[in-house]
Each structure stands twice: as C-alpha cells, then as structure tokens.
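First, one chain by itself: the form predicted alone, in structure tokens.
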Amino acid sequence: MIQKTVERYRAHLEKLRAYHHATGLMTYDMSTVMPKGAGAIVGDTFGVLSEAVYDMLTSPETEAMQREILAHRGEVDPAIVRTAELAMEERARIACIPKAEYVQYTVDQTTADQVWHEAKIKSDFPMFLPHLEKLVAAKKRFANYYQPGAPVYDTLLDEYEKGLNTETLDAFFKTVRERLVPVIAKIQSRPDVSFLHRHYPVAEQRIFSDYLMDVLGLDKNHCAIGETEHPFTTSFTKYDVRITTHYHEDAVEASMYSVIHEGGHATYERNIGDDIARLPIGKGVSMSVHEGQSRFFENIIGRSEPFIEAIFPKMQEIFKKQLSDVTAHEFYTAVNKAEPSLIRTEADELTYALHVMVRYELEKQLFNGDLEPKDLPAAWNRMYQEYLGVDVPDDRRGVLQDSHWATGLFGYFPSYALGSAYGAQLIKRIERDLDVWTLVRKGDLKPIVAWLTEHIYRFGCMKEPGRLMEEAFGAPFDPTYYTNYLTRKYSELYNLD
C-alpha cells in the first residue's frame, strides 16, 4: 500500500517540479532578455501558475500522502521521507495564507521587480515605494499568519536559514564589528588600481568569463551564462544551471568576481547527488550555506595570490593592451584594495560585512515597526555615513542598488555575511586534507570541488544546514575564524602592526 502512495507522491513531485521549472524560466527570462513591454502579461501568467502551485502544495490529498509516508518512514526511500518532511514545513507556511493573497503577492513581486529596474536607472525611489510598501505589508501579514505573536523578522530569517534569529545575528555582527572596525581604521595607504579601470571591451570580457567558467569546472553543456542588471544564479536542476553577470567596460574586476561568485553557486548546484537531483531536496540546503560557497570561491580562492598567479597569464593574453605593464602581484593587491565604498557587490572582503550590517539593521527596524518604507533612503544614507563613513550621492547607489527587496527577499542579506564566515572556517578544515594553495596555484580546483562535494554538495537538503556545516567543519561554527582570516590577510597586505 505504501509503495503505491510513494508512486503517487513521486508523480505529484514531478508535476510540481514542472511548474517550478516554468516559473523559473520566466523569472530568468524576465531579468535577462524579456522586452520591457511584456511585463503585464508575465505578471498574469505568474498569477495563474502560482495558484496552481498553491493548490498542489496545500491540498488535503497532498497532505495525506505526506503523512502516510512519514508514518511508514522505515519502509520508504530516505530521500522521499526527507522531501515529505520539508514539504510539510513548507505547507504549514503557505496554507495559513489565503490563496487570493498568495497569488496577488506573486503578481506584486513580478511588478515590483520590473519597476525596480526602471527606478534604479532613474534613481527614483518614490517610483518604487508603493510596490515596496505592498511587499513589506504582505510579508508582515504572512509572518503573523504563520507564527502569531512571534517577532516578524525572526520568522523571515528562519525562511532562509532554519533556526536563525536576531539574537544569534546580533552576537555575530557584534564580534565582526568589534574585531574588524579597528583593522579598517588602521589602513591608510591604497594600492594603485588605475589599471582596473582602463577600457575593457565587453567582447573581451565575455571571452574571459568563458575562461573563468572553465577554471571553475563548469560544464557549459549544463551551465549557461547570461547578462542582467543584478547578477544571480538560477538552478532548475543540477543539469540546467544559469549564471548571470553585468559588464562594465571601465571595471574589469566587477564582472570577473561576479562570474566567480555566481560560479560558486553553480558549482554547488552542479554537484548535488544524482539520486536526489530531480526531487525538491536536490538543491542547496540554505542561503547561508549557498552564499558560503559563492563567497568561498569569489574571495578565499578567487582573491588569493595563488589564484591570481594561475589565471594572470590568460588575462594578459585576453587583455593585451590593458595589462601588458601589470604584474600578477600588482593585480592581486589591486583586487584586494580595502576602502569603505558605496556598492555592496563591489565591496572588498574587509568592509563587506558592514554593508550587510546596514541592510540587517534596516530590515530589523522595518519589521519591528521602528521604520517605515518611505523613510528607508534617509536611514540608509545615515547608516552608510555611520558604519562606513561614506556619503550616498543618490538612491541608485544607495537604497535601490540591490534587487532583493524588489522580490520580497527580506531576511536574505545576513546570509552573505554568515556565508563569508562559513568559508573562512571551511578553508582551515580543507587545508588539513589537501595542499590547497599548491592546487590553486596550478589552476586545479577539481580536488577542492571534490572535497566540497563529498562533505556538502551531494547531500542537497538531506541534512539540516547547522548539522551539515558542523560536520563539514568538524567543529561548531565559530565566527572568529572569519575575523582572524581577514585580520591576518589585510595585516599582511598593508603591513599593519
């Protein structure tokens, strides 16, 4: 009897996957090649598809199958059991939302994202504000439907990292702030970075992007690269992963590190176990773990001197005019320049966490009632002056710079800082098993990816994120690995005491 239920549940999952695949393709298309005038039609389509998904996720028949599977867990494939467990948790979050509100929110997300793109170009926050207000109000309602009386922001954080809350994050950011701000204050000199801003034609940068994908080991039969305003990665399954980048002809490192960052996400998705690849659990387990992988490759590997030494000959081959008078060491110091700045995605490793802290503090205030959406630009500008000592000249380079709030991803930003800290602890563990920097200097990342696959990637969502990372680290998470790593690296780079 239970095997027939499992067969019906697998068929249900395949149908659900097809819906998610369709909406994912539309989202990718909307951010890369869709003509601006198509937005209204796409919103309508998202509404129809989201209604079908809602019905599938919340139907009594689906719940009954899941409960039966969990009641016979000893007789069922563990991957199906885990899928049912997580699906029940997802159902609890969604079923408490009236269907009409759920569908309308999906439409509002689509519209807000389209308006955000235009508002950012125009640096026009008031244009985006009504859409942001709708999303914030909806997320507050949804959180209260799910956990009445609980702190709303804690409920949102838990969506991206199970068990995460403001108490944990306050302690984490306190450690980061106390240990890194003094290091930032000591840095007075700045390396020459002028050569990064010579003219780098997009055509040449595209060739370089393809090369970087090869270095990362991304099979182009299963991983494609597109172009968008705000780079992201989409994975439909491990067999179809899409990364994106944004080219600036006067800033070669911007796309370079975007490709490596998104390539880190893709590397995770491409190495999910084949046995779970077509199931909902065949994906990265949480956003902090996912960002840990992207920032591991972007920064710990990608901004290391051995990595620059490995790829620099190819860079000089592609960018003959621009880099003929530059050494690998000069390029290494330039891409590790530490200086408070405006744009999170272009920030150096040392100051990056402060950019995330601004967003974290604003989101806390937004969802505990201390800040209204209309007041975000002023609060943003004030915090950037307080935390980073920089003046924000306009909303395009301020409150409108990120796409996350335009798609309702409130509670996501802390994952970038946590992920960075995960990577710093992870590299110390990997160094016990591999001669990491000899491999990197050769441009051979395969053994490193194999290690990560064995300890993290292959499991998908089979384990809880905290347990997964603790087992990979071989110890509890400790943010001082992160602060020690940055202190050591930048003390060496800038000859600090």
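None of these values were measured; they are calculated from a predicted model. Heads up: residue numbers just count along the shown sequence, starting at 1.
Just so you know, the form predicted in complex with another copy of the chain exists too; it's not on screen, but the next bit is about it.
Engineer: For the three residues I184, L196 and A421, verify that every one has a non-hydrogen atom within 4.5 Å of another copy of the chain in the model of the complex; reply yes or no.
Structural biologist: Negative, none of the three is within 4.5 Å.
Engineer: Is T237 part of the interface with another copy of the chain in the model of the complex - any heavy atom within 4.5 Å?
Structural biologist: It does: once another copy of the chain is placed as it appears in the model of the complex, T237 has a heavy atom within 4.5 Å of it.
Engineer: Tell me, yes or no, whether A112 is in contact with another copy of the chain in the model of the complex, where a contact means a heavy atom of each within 4.5 Å.
Structural biologist: Because no heavy atom of A112 falls inside 4.5 Å of another copy of the chain in the model of the complex, the answer is no.
Engineer: Applying a 4.5 Å heavy atom distance criterion, does K489 contact another copy of the chain in the model of the complex?
Structural biologist: Answer no; every heavy atom of K489 is more than 4.5 Å from another copy of the chain in the model of the complex.
Engineer: Would you classify P60 as touching another copy of the chain in the model of the complex, given a 4.5 Å non-hydrogen atom cut-off?
Structural biologist: Looking in the model of the complex, residue contacts with another copy of the chain do not include P60, since no heavy atom lies within 4.5 Å.
Engineer: Where does another copy of the chain sit in the model of the complex: which of 62-70, 22-30, 448-456, 429-437, heavy atoms within 4.5 Å?
Structural biologist: Result for this chain: 22-30.
Engineer: Name the single residue among R382, K99, H222, K321 that comes within 4.5 Å of another copy of the chain in the model of the complex, judging by heavy atoms.
Structural biologist: If I apply the 4.5 Å criterion carefully, the residue I get is H222.
Engineer: Answer with one of D44, E470, D444, E464: the residue that has a non-hydrogen atom within 4.5 Å of another copy of the chain in the model of the complex.
Structural biologist: Looking at the other structure, the residue within range turns out to be D44.
Engineer: Across 27-55, which residues bring a heavy atom to within 4.5 Å of another copy of the chain in the model of the complex?
Structural biologist: Residues within 4.5 Å: Y28, D29, V33, M34, P35, K36, G37, A38, A40, I41, V42, D44, T45, V48, L49, A52.
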